[in-house]
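Shown next as structure tokens: one chain only, the form predicted on its own.
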């Protein structure tokens, strides 16, 4: 049997952890289940990640990186309204098109993280807000106050989080696609009032 490079094995274990967390929750995501999901010996998991918390940190890093990528991919380099709308639309579409396990694992981990002493979910949200703030500030130029930029970022986050909880609850893709249109309409109306 060929030896799997450590970086590839770590990646396999992170992906397996996402799948197990999505299906079993954080409490049910035992190292044994994660190793089995990755088709790896338990000893390999413990070699790559000395503790389950370190593995969960790697999962958080993966979630943060993927969210950052989605935001950057949907930067249309337009004016503030077009850019903000494209980012929200991109996040909603990503949730609809991506594997529901990824979204489910994200929410499971954020709930778990809120109960941890160092509260790692704050890091995920702060990094996302920093990316959103940077993209929106560039699109707005000097015409919009930083507080307004932050409010727009907050509304993007709140609308997308609410959308994904609804999508995960009902798991009806066609219904969620229609609801995504409603979410974008609400955002457009709010932006029109906010930036008037």
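Numbering follows the first chain given and starts at 1. Nothing here was measured: the structure is a model prediction, and the numbers come from that model.
As for the form predicted in complex with a further copy of the same chain, it is not shown, yet the points below apply to it.
With the partner omitted here, the residue from 30, 39, 51, 151 that has a non-hydrogen atom within 4.5 angstroms of a further copy of the same chain in the predicted complex is 151.
Checking 70, 26, 140, 58 against a further copy of the same chain in the predicted complex, a heavy atom within 4.5 Å turns up for just one residue: 26. Every member of the trio 107, 166 and 169 reaches a further copy of the same chain in the predicted complex with some non-hydrogen atom inside 4.5 Å. Residue 115 belongs to the set of residues with a heavy atom inside 4.5 Å of a further copy of the same chain in the predicted complex.
a further copy of the same chain in the predicted complex is approached by residue 126, whose closest heavy atom lies within 4.5 angstroms of it. Contact annotation for residue 193: at least one heavy atom lies within 4.5 Å of a further copy of the same chain in the predicted complex. a further copy of the same chain is not shown here, and in the predicted complex it never comes within 4.5 Å of any heavy atom of residue 98. Residues are counted as partner-facing when one of their heavy atoms sits within 4.5 Å of a further copy of the same chain in the predicted complex; in 176-190 these are 179, 182, 183, 185, 186, 189, 190, in sequence order.
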